[in-house]
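One chain comes next, on its own, written as structure tokens: the form predicted alone.
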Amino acid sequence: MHVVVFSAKPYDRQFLDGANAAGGAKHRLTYLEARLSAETAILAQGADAVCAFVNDPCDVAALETFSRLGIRILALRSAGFNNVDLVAARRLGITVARVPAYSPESVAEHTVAMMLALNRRIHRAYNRVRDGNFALDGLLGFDMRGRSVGIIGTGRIGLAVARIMQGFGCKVLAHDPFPAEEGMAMGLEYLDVDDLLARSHIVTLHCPLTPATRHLIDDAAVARMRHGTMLINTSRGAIVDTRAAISGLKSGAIGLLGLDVYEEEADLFFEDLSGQVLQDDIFARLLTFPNVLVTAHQAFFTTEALTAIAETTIGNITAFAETGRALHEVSTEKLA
């Protein structure tokens, strides 16, 4: 199949080409730096399939263009699919495939790295030492052992974080509408969200973005937190209401904030904007806080994860070409 890959970076080329070659080079891959949008969807003309990333908006206009071009599969090289209008995809007969799991350890380890960096002020210490400032004032941390860590969402990533935090000697609390048997076997204490927020020294988010979880962390949730809570989000940006987070930082309700995702990240992340003035005033405000650490959707970025993402993406396309069904289709049966 001829596959047009939107939002392609050099590492996408490297890993997708490798996976395609390992599978017998059955596909012709055309890489576009352009993000997918209603305006750029026409660039897929002549292709049989489209490969998109997590911040490519696959709205009804883009999907209708694909339908006119004869494209029948949209292969996402991500686990999340909230950027796709699934109702429109079903109506147009376009199969949406995703990567349901790649390397939960990659995201879990990045999550814990953010916790440690914030706790011990590594980001501030690094800059101080480079400036010749070796004072320790303002860098005081706390022992992780004995702290309560609240994990919202105990899928594979959440459980991986739980295992690491138990290794630190933390008390691990959890919330999930469907408690994991493995989590209960590990001794996780499942609570409702309110109790988890009230009891946790650290809250880390690992749930998908759905209507129910959008702005799960809002003003009311921040008010229920233990004063000075560390909040980490490596899941989806819109789970945290950024304005509420800023209010929490100003009041001290949120003592430390680590974000690998941001609700308006599509116009920022994965691009080099170092020579430009940031136009997002809310994001710029976040960066003024010394107790905030932001990484640009980096948690998934390991060799193991990118290899798995590429292999699954190519596998989805190959299966669709050979059988008319992708290996990991996003179900749209209940959306019509």
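Treat the numbers as computed from the prediction; the structure is a model and nothing was measured. Each residue number is its position in the shown sequence, starting from 1.
The next section is about a form of this same protein that is not shown, the form predicted in complex with a small molecule.
Between the small molecule and the residues N119, T95, T242, T213, the one pair within 4.5 Å by heavy atoms in the predicted bound form involves T213. Only one of A253, V112, I217, C207 lies close to the small molecule in the predicted bound form, with a heavy atom inside 4.5 Å, and it is C207. Under a 4.5 angstroms non-hydrogen atom cutoff, the small molecule in the predicted bound form lacks F134 among its neighbouring residues. Although the partner is absent here, G150 is not a contact residue: none of its heavy atoms lies within 4.5 angstroms of the small molecule in the predicted bound form. Using a 4.5 Å cutoff between non-hydrogen atoms, H27 does not count as a contact of the small molecule in the predicted bound form. Although the partner is absent here, Y102 sits close enough that one of its heavy atoms falls within 4.5 Å of the small molecule in the predicted bound form. Between 195-203, 175-183, 137-145, 86-94, the stretch whose residues reach within 4.5 angstroms of the small molecule in the predicted bound form through a non-hydrogen atom is 175-183.
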